[in-house]
Structures are given as C-alpha cells and as structure tokens.
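Only one chain is shown below, in structure tokens, and it's the form predicted alone.
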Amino acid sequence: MGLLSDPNRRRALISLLTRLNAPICALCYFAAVCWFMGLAFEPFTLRTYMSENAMGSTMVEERFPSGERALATGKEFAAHKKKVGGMPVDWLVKTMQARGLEVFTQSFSRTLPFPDENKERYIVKGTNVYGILRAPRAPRTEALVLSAPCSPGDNNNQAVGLLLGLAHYFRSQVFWAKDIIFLVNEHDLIGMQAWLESYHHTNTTGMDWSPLQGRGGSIQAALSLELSSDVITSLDIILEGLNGQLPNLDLANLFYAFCQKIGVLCTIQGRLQRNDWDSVSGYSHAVQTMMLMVMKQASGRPWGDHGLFLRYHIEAATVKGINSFRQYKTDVTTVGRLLEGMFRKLNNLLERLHQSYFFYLMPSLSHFVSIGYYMPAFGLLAVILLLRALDLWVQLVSPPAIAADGVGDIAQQSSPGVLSVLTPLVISHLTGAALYILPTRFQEIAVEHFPVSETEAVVLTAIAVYTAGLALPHNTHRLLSGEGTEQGWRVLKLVAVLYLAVLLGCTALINFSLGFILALTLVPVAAFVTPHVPKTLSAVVLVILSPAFTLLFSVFFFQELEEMPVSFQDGWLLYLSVISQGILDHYLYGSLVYPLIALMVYPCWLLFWNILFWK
C-alpha cells in the first residue's frame, strides 16, 4: 500500500509500466507460443497410468471366438440393408431377439433448418433398434452401451455384425453386473441424439421422437464402433466430443492397455506412436498429433457418435478400425476380444469414472498433457490483456500535461460521454445478433431472388452480414455524441480489453483449444490497435486476425496436418462447407461455437475495429 500511496513511488511505477509495457507484452506472447510448442516434447509430458483401481489390471481372459460368424452376420445385414434401401429394422429385431435380448425400436424425425448438402438430406426420418442384455447378478441400476451406426452404402456393416456377435457371446456369460445395451442407430448423430434425449427424458433440440419402451440402468460408459473392413491394420480411438468435451482419461488408458496386451496396433488421430522422441522428426510427429487434437476440439463438433454421450456425463469414445497399407493385419476376432476385455473391466466399476483427468491433450496414447501443464500457455496470453488494461487505466487516471502557461489540456481533461462508449458496444452486439439470426431466417428470401440453394443462401448471408459489419460500426461513437475525445477511445479500449480477457478466460476453461486459438489471433489485435497507427496497414492486419480469417487459416492448416493439402479453390469450398456445418451443428446438437463467435467474439473484435477508426 505504501508503494501506491507515496506519490513519488507511484509516479515511478507508472513510468515503468508505460515504458516497458510493450516489451513485456511481446515477451509474454513469445513465451506463450514456446510453452505451447514445448508441450509435445516427451520429457515435459506425463506418462499415462490407470487411476481407477477397479480397472487397474488387464488380467481377464478374453475368449470371444466368433469373428467369422460376425463377418457373416455383417454380410447378411448388408444384403438386407441394400434390399430395403435403408435400415433393415425387422431383420435387426428378429436377429437380436434370437440372441436372447429384450428388443425395442424408436422412431424419430427431424426437419433441418436448411438442407445438409454434405449428406444430401433435409427431412430426416429413421428408426433406432436396440436390445438390452439384463444383468443377471445385480439389481439392474447401471448400464453400459455398445453402439454401431447404420451408415449408408457398404460402410460399417462389419461393425453391426460384430455388435450382434458380441451380443450373442455376452448372453452366454453370467458375470455381468450391469445391463448392456446394444444399439444400432440410423442417420448417425441425429439418431443417436434422438435416442439419448428419449432415454434421459430431455428435448433440447426440438426433435420429434417416440418414447422408449424399454430402458436399462443409469449409463456408466459407452463405446461406439466403426468398422468397415474384414481385416484392419490398426484401431484408432476418437475422444473429441460436443463443444470440446473429452471423456475421462482412464477410458483412453483402458483402450491402450488392452491394445498392448492383445498386440493390436493402436493410434490416436490416425497416427502411430513413435519412440524417437529425441529426434526432430519424432518431436514433429508428436506436435502434429497434438495439434490435430487441438483443431478437432476447437471445432466444437462431435467427431463420432460417442460425442453426444458426454453431454449427459457418460464417459464414451469411438473405436474405429483402419485398413491401410501396413503389413500388420488384425482380424475381427481380435477386435471382439479387445472389446470384450474393455467391457469386462467397465463391468467392474463401482462408481462412474472420475479419478483421472477430464482436461488434457494427447501427443500420443502413452503420454498426455494435463490442464496444469497447458494452462500457463493461455495464462501468458491473458497477462498481455491485463497489462494493456493496466496501462490504459494508468493513462486515464494520470493528470494531464501542464502547458508552459500553466493551463492544462482542456480536451484531455474532458471526460468521455456515456453514449460515446455505449453506442459502439450496442451496435457491435446488434451486428453480432444479426449474424446469428439472419442467415437461417432469410434463406427463403435469398433463394427467391438469387440463383442459389438454401445452404448457399445461409452461408452467403452469413458472409454478407459479417462483411457489412466492417462498415457499419465506423465511428459509431459520433452517432449520438458528436466528436470523440482522446479519453473516449481509451475508455472504450479498456472496456474491450477487459471484455476480451473475461471472454477468452471463460472459453478456455470450457474448451481450451478454442480459447487458445482465439487468443493467439485476438490478443495481438487488442495489444496494438489505437487510432494513431497507420490506418490502411492496421486495417489489413485486423482483417487477417479476425475470426473469419482465423477459421479460413484453420481449414488449410487442418488439411496440412491431415496430410491432405488442398488448392485455394478447394480450400475455399471446404471453408464454406465448414461454415454451413457449424451452423447445422448448433441447431441439431447444440454446439456452442457458432453462437459464441457470432454473439461475443465478433462483436468484441468490432470494438477494436471501431477504435482503429476513432475520430
């Protein structure tokens, strides 16, 4: 307190903060990037370990013998699917009943807000079929789920066959302490969303579905199976769920432990683990694997049917079979034994998985980065915003310079009016509300007046509103209050910087990857923008660091990480597809990325755009 109350010391502190603010901010930004890039270096990561005692050992004997029979069932399923042109409901019901399950069906329908051109659907109607194996040695208060989506064409037929084979084998075992639900869902995520909403008596998306006639206990864990080949070279585990949620790390550890025991090649993000971590290529491989997880998590979309379970606090993952050009081959019997082992360990759980991490990044299946390791990278970026806010506050409360005649600068002393700060805030957020509402509301009008489809109308309307926002908030502080003051833009920037700090902090706590990517681009904007910098160059930099261009760069960067680079034209079409899919994900499943960008991030960026053109 003495430092702040002593005028001489206070002036020295103000001088120090003003003089070194820019170098400290630059150092923090550089340190944040270096810290994040260092997370993939193996000595800086933690080795995975099983935290749940009930799953601490893989000493169970897997005996599933019916791989060939499962493949035959899958071929039969494919034939009936082709015959009826969709989900063979009657055949599935008879087959599950023949295996001793309690079988039920659920019908559902959903009209999309606009057509999904990627999957060529608008009005979706389907039926889910599920069978319940009741626990013979417990009061049936808990359940596990094994699901396989009924995909179009020849996709995932082997997964359904293996699911039915496991149902037949599990029925002959007597040690199950939990109900096991075998679910075949139609229309992938939409069918899974309908089933989960009905199972938990909720309706958050406005979907029409029939009530479930049969239920198991409280679902403790779930696995979704994707298998489209008779033989596979590796098994990939998919963890990223809705809004960046991740399952408990013990579920991934369990998968890795059984892969190691049975001798199956396992991957994450489709990449095998490398042992040469001390080489440049090994470190680059780990960085790319971690960055793929960051990009997928930041998208906020569920990357498998498991992603919707996480909303209901059900630990879930998708196991995907990959058939590549590797010489190592694994048959369906081995995959069945791996799933049997995982379900037997999950069957031993006395409570929900909770002892391991829920917030983590994985550069490989054997190592992970916990929240305590990656949060300092974001914290260093947040420090920049706090330092800039402190610098602005010091400038606002500092006494004005005294002229030679002893008269202070009157313009500097005049306080900014409330409207000069409130007007840009209101108009920027109204622009964000228009970006959120208008694309889906005006699609019919756009289709009537322009030669575009409904999906193109939605995307182009979103781009038009976004672009119009660049012109709309110009000098909005002068709309009602006349000329702006030098103090006015500082007050507005102080509000914008603090707003951005709170916004990014809350986002990073929920979805670190999204918060960190936004911070990388928005923090430099908040740090350097003033009305006194060169307008043209600064405007170009602001546009490049805007949310829309961040998404565009992310599309190309993700394709590079996937080792599938695209041309600019193909990348642009993919960019438009990502926008439409993001809007659809919000209306269909409740993804929060689109409303977050439209209602908060974009208006906040517009405030800095307004500061640049302050007069």
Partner chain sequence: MAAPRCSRCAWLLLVFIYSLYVVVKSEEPTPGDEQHASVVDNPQTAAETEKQPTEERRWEATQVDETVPDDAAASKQDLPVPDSVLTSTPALKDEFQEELVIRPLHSGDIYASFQFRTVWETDFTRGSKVSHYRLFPKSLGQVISKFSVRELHISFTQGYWRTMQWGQPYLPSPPGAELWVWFQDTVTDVDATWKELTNVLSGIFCASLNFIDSTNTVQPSASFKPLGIANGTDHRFLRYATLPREIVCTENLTPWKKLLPCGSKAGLAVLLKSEKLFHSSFHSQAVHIRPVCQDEPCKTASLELRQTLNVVFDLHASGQGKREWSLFKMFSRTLTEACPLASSSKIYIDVTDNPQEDQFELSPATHLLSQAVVLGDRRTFSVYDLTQQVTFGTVRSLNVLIRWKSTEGDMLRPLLHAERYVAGYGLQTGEIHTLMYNNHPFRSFPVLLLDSVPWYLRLYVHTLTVTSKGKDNKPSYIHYQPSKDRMRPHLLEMLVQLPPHSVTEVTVQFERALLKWTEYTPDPNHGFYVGSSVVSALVPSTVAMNTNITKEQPLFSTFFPTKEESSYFIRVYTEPLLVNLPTPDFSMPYNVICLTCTVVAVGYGSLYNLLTRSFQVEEPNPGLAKRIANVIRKMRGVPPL
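Numbering follows the first chain given and starts at 1. Every value quoted in this text rests on a predicted model; they were computed, and no experiment measured them.
Heads up, the form predicted together with its partner chain isn't pictured, but that's what we're talking about next.
S.K.: Decide yes or no: are Q97, T141 and T202 jointly within 4.5 Å of its partner chain in the predicted bound form, with each residue judged by its heavy atoms?
M.R.: Spot residues vs its partner chain: full contact, yes.
S.K.: Looking at 165-173, 320-328, 180-188, 298-306, which lies within 4.5 angstroms of its partner chain in the predicted bound form, counting heavy atoms?
M.R.: It is the stretch 165-173.
S.K.: Report yes if any heavy atom of S453 sits within 4.5 Å of a heavy atom of its partner chain in the predicted bound form; otherwise report no.
M.R.: So S453 does not count as contacting its partner chain.
S.K.: Does at least one non-hydrogen atom of F104 fall within 4.5 angstroms of its partner chain in the predicted bound form?
M.R.: Result yes; F104 sits at the interface with its partner chain in the predicted bound form.
S.K.: Is S218 close enough to touch its partner chain in the predicted bound form, meaning at least one heavy atom pair within 4.5 Å?
M.R.: Answer yes; at least one heavy atom of S218 falls within 4.5 Å of its partner chain in the predicted bound form.
S.K.: Taking the shortest heavy atom distance, is V280 within 4.5 Å of its partner chain in the predicted bound form?
M.R.: No.
S.K.: Within 4.5 Å of its partner chain in the predicted bound form, heavy atoms considered, which of R337, R311, K81, R344?
M.R.: Among R337, R311, K81, R344, a heavy atom within 4.5 Å of its partner chain in the predicted bound form occurs only for R311.
S.K.: Which residue, R490, R134, R274, H367, has a heavy atom that falls within 4.5 Å of its partner chain in the predicted bound form?
M.R.: Going through each option in turn, the one that passes is R134.
S.K.: Mind listing which residues of 339-358 have a heavy atom within 4.5 Å of its partner chain in the predicted bound form?
M.R.: Read in sequence order, the residues that approach its partner chain (within 4.5 Å, in the predicted bound form) are L350, E351, R352, H354.
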